[in-house]
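Laid out below as structure tokens are two forms of one and the same protein chain, each shown alone and named structure 1 and structure 2.
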Structure 1
Amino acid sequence: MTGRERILARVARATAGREGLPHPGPLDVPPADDPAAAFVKRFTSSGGEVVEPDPGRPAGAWLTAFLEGLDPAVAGVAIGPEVPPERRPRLPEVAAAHAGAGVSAAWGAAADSGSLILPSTGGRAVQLLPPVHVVWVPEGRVFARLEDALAELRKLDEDLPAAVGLHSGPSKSADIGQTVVTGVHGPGRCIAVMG
């Protein structure tokens, strides 16, 4: 018997006499009247940042100037394959482990949790390794509730990603001395670009 089989057998024995509980059903949370505004409020309350691109400039040129204006300025970027060419910054592309910023495109966002919904097909290294993560949020894809977003995502059938990440601001941890530290297990800055 393998270690896995021993563990599963112990779990089965421990739960054999327990009565199953029914699913509690959907959360009774009223949807926001303005999902985009509710997302911004929730996302920024978790330490995330939200910016809007300059509508008078091409998206890639705007993002280039934005990244160069950060402190410290970003010189090299890692870009997820889902980012369209017109939204890519005009900076040297480098491996995610050496990039000053990662640039991704979200599938959508959820207002009630303040979460960006990022498919695993976008390259998790781009999303997690650089110190700054910039995420394009598609217009019209901010859902009032996470359950609504996931129901819509499920309709993709054969294009359904193997996994999705829910990013609700920069990486944070408080597991050492109950002191919150930002940027421990991922980017210290998470910036949503609305539009």
Structure 2
Amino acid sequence: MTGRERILARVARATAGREGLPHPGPLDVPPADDPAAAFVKRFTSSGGEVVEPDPGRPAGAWLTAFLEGLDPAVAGVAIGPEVPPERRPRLPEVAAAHAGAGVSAAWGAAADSGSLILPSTGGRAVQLLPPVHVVWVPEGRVFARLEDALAELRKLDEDLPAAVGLHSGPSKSADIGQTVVTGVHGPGRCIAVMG
């Protein structure tokens, strides 16, 4: 017998005399009426930032100006492969480790937990290494509940990305004297662009 078989046999023996209990089904919390608004509220209360692009300007140009207007101004960016061409800032592209900001595209967002849902196909280093992470949230992709978003992801089945990150605010820690500090490892600013 292998270790695997021995463990599984012990598990089977341990639970043999015990009644198999049923799965209670979905948690099914009542969904928010306006998911987009609920997302903004939750995400910002966790320290995330939300901006809306200027509808009068091309998205790429707007983002370029936005990044240049940050403090400190972003000179070089890392851009995830899934960001559509018209949404890319016109700034020099550099490696994520040296970029002032990472720009990526979310697969969607969840309102109740206030999470951006980021597939690994969107570029992990882009999402994690730069001090500022700017995320395009496509229109109509805010799910009322994380549960709904995960159900949708689940449907991808074989096509599920190798990894999915949920980002629900900037990196933080309270490990030093219980004081909250931001930007410990991951991005210190996490900015969702809606629309």
Partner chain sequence: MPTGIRDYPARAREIIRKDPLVRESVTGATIAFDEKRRRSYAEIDAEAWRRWAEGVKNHTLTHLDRYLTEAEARLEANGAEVHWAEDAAEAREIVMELAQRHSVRDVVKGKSMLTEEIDLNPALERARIDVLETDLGEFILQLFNEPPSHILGPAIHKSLQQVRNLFTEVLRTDSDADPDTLAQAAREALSDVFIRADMGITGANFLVAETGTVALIENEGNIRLATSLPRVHVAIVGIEKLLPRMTDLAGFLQLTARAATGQPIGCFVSLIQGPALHPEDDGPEEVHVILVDNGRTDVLAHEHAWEALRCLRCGACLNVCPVYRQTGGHAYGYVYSGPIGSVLDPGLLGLHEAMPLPFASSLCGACFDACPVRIPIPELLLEWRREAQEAGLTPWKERAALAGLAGMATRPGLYRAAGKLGSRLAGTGMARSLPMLGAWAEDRALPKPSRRTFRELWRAGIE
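Think of the rigid core as the biggest set of C-alphas that the two forms share within 1.5 Å after superposition. Predicted, not measured: the structure shown is a model, and the values here were computed from it. Residue positions are counted from 1 along structure 1's sequence.
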| task | Only one of the two shown forms is the form predicted together with the partner chain, so please name it by number. | result | 2
| Estimated from C-alpha overlays, the smaller rigid part's rotation between structure 1 and structure 2 in whole degrees | 15
| Shift in Å of the C-alpha at Leu8 between structure 1 and structure 2 after core superposition | 10.4
| query | After superposition on the rigid core, what is the displacement of the C-alpha atom of Pro24 between structure 1 and structure 2, in Å? | reply | 4.7
